[in-house]
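To begin, one chain is listed below as structure tokens, in the form predicted on its own.
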């Protein structure tokens, strides 16, 4: 708890562990979706060679890049929408 009960309370160890576990699950899920999506798009089901060919490699590079670009854009849009909602809620308080 903070000094004299003012301010934001500090998270407990259990809360920190739960947050870390949730973050790890989110990262694992994102990695699995990325892998599945780009593999299905860029790698044919009938393997002819053990190594990636040039076309497959380029496709994977572009797919991963686009996946992260979209992920960043969606995250930014969600953050700005969340901030706008908080701003709208905050503006309806006393004195407004």
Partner chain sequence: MAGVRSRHSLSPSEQREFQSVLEKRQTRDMMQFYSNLVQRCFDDCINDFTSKALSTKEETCVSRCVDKFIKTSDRLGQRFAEQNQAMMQGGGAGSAGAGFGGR
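Definition used throughout: the rigid core is the maximal C-alpha set that superposes within 1.5 Å between two forms. Numbering follows the first chain given and starts at 1. Here the structure is a predicted model, which means the values were calculated and not measured.
If you look for the form predicted together with its partner chain, you will not find it shown, but the lines that follow are about it.
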Task: residue 75 within 4.5 Å of its partner chain in the predicted bound form, heavy atoms - done: yes
- [ ] Look up in the predicted bound form whether residue 86 has a non-hydrogen atom within 4.5 angstroms of its partner chain, and give yes or no.
- [x] no
Open item on the list: With the partner left out here, check for me: in the predicted bound form, does some heavy atom of residue 80 sit within 4.5 Å of its partner chain?
Closed with: no
Open item on the list: Where, within 55 to 88, is there a heavy atom within 4.5 Å of its partner chain in the predicted bound form? Residue list please.
Closed with: 56, 57, 60, 61, 64, 65, 68, 71, 72, 75, 76, 79
Open item on the list: For a quick test of reading the superposition: does residue 76 move by 2 Å or more at the CA between the shown form and the other one, rigid core aligned?
Closed with: yes
